[in-house]
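Given as structure tokens, the chain that follows is alone and in the form predicted alone.
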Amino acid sequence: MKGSADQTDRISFSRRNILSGFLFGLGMIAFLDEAVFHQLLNWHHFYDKSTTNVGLISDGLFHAFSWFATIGGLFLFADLRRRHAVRLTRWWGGVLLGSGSFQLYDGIIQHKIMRIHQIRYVENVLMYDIIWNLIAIVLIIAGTIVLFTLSAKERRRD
């Protein structure tokens, strides 16, 4: 019976490590997007279909979202640490997956389908889109490889 409870805890902690890393990665990449592309380079706002003031307000809401995701991920991480259940490799796999997923969502859904903003307002935005989405795909593939490799090692060990 104890073995079953240990197995349940291990699966639960495994998922929490991935979720914590995913939220942290999502928040971190959204923060970098906001800080670099919205504020430093001033290439776009989160919502560019209205006035500059509305764009700035949307940037603030986007920044709050990234902050809450990051803090949520770190609260989960603190709980895992308190329980001595942090698995850093699994957590980093979640970070890569969260970062790539957000960036791909931003590049496909927000840039192309919803058209609420573009990476940059230039004549040929295609190169920017390709680079943006390729980086996202590389991050997702790297995170998936880390998580699958780790799972395969654990299955062999059991």
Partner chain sequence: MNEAHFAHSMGFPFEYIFIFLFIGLIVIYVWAGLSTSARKHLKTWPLYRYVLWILGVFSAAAAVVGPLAARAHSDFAVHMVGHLLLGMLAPLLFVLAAPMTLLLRTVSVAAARRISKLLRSWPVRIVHHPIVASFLNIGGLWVLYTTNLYEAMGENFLLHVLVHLHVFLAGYVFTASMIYIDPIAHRFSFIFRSIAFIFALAGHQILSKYIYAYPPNGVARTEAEAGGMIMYYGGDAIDLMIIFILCYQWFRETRPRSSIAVNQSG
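We call the rigid core whatever largest set of C-alpha positions still superposes within 1.5 Å between the two forms. Positions refer to the first chain, counted from 1. Computed from a predicted structure; not experimentally measured.
Omitted from view is the form predicted together with the partner chain, to which the following refers.
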Give a yes or no for Thr89: in the model of the complex, does one of its heavy atoms lie within 4.5 Å of a heavy atom belonging to the partner chain?
no
Can you check whether Phe68 is within 4.5 Å of the partner chain in the model of the complex, heavy atom basis?
yes
In the model of the complex, does Trp132 come within 4.5 Å of the partner chain, counting heavy atoms only?
no
Can you tell me if His111 lies within 4.5 angstroms of the partner chain in the model of the complex, counting non-hydrogen atoms only?
no
Go through Ala64, Leu32, Val122, Leu41 and name the one with a heavy atom inside 4.5 Å of the partner chain in the model of the complex.
Ala64
Partner contact check in the model of the complex: of 103-111, 89-97, 123-131, 43-51, the stretch with a heavy atom within 4.5 Å of the partner chain is 43-51
Stretch 65-91 - residues with a heavy atom within 4.5 Å of the partner chain in the model of the complex:
Phe65, Trp67, Phe68, Ile71, Gly72, Phe75, Leu76, Ala78, Asp79, Arg82, Arg83
Would you tell me if His45 moves between this form and the one not shown by 2 Å or more at its C-alpha, with the rigid core held superposed?
yes
Based on a C-alpha change of 3 angstroms or more, tell me if Thr52 and Asp106 lie closer or farther in the model of the complex than in the shown form.
closer
Do Asn53 and Asn42 move together or apart in the model of the complex, judged by C-alpha distance changing 3 Å or more?
farther
